[in-house]
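Starting off, we have a lone chain in the form predicted alone, written out as structure tokens.
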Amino acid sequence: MSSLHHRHLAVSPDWLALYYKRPLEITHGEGRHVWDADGRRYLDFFGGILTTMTAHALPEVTKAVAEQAGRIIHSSTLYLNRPMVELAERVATLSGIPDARVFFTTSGTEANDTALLLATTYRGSNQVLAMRNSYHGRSFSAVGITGNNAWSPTSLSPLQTLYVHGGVRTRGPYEHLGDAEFIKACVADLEDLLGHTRAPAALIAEPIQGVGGFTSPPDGLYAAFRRVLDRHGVLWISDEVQTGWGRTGEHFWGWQAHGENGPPDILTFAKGIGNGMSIGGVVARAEVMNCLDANSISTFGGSPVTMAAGLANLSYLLEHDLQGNARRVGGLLIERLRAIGAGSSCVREVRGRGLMIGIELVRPGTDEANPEAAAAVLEAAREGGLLIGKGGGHNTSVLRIAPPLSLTIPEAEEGAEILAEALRSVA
């Protein structure tokens, strides 16, 4: 055990998990690579949990951070803040929500917490609909709407949560149905649920479930849900903490795959916009955002330094069409991984969109989750020089692949080959 690992264990909670049997200290990064304390270089296919979205040590972002820090680091939302207003203007326009208002937070958890506060206040209800296998953060309210028991340490909650089918396409009672029939069955389940409860405040849903293992419904499910929700006056919250900013390649936001009825009532975001800086936020139409009748500020949300980073990163992402790169390189990578998976007895499914890819592992010849194999592949990939993540609602048996969006084709090929070897070693 390293000295730093020993010190970590002495002062950190037992539940603060670390990857790897020999935990890794990352000291610096550049582009799509990071280095550990021993000087070894790794290809990064996880980006600090989808947060280093553009590239490590991106000069445009580090320059903006340094220049802003040299002027003023903090002031709070009690004062006018030019970088915050400028980033809010851009996010409001990109959101697609009419007459949008933006509130910045420091994390996705806090963003979802704020969205729940807005929805329950606006509707006068503490009932919330959420998706099975979902994850929305680690605060008390966010845990209360998380449909993945691996990340829900308590059943206590200020909210009454009811869980809906549909977030997982290839498991569960409707997996045998075609896409149209799957959507129809999930809508019928939602209709039935609403017939047995008082009017909920909102449905909160990730267009692609992140911690849940990059699972998603057929395109159009949430549009079909939206028609039902609108009849009942129930709001739709799209949790874009992991899907936002073009990661799916095909769309800038995950909701756009389900957007035939327009944008969500409330949209939350975090992770990638700051390229590693602590930014989260909520976008809602003015009527919903302005429903609070008590004072509320954010001490650290909208910090001048993080807003400067967000502006620089968003500009880079758009000017270099990283969404298009995610579509092109991600499409090649997922096909390569599917070919690899077809030759492995422990790969059940390779799924995803853009640079958001999941590889679900099972015990050979069964549909039974195989968390031991996922842990072993994680270790083997590291030994091969590749960092990946893991997740999934079935005992953490999904490998999560989410590189920075500037990933090149040679890097995608290199990472796929390391993964192929890691899977072979485990099989």
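Note that the structure is a prediction, hence the values are computed from the model and not measured. Residue numbers here begin at 1 and follow the sequence given.
Same protein, other form: the form predicted together with a small molecule, not shown, and the subject of what follows.
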| message | Taking a heavy atom within 4.5 Å as contact, would all three of G108, H136 and V241 count as contacting the small molecule in the predicted complex? | response | yes
| said: Taking any heavy atom pair closer than or equal to 4.5 Å as contact, tell me whether N112 reaches the small molecule in the predicted complex. | reply: yes
| Quick one: does K271 come within 4.5 Å of the small molecule in the predicted complex, counting heavy atoms only? | yes
| message | Is E206 part of the interface with the small molecule in the predicted complex - any heavy atom within 4.5 Å? | response | yes
| said: Would you classify V211 as touching the small molecule in the predicted complex, given a 4.5 Å non-hydrogen atom cut-off? | reply: yes
| query | With the partner removed from view, which of 173-181, 294-302, 160-168, 233-241 is the stretch that lies within 4.5 Å of the small molecule in the predicted complex, judged by heavy atom distances? | reply | 233-241
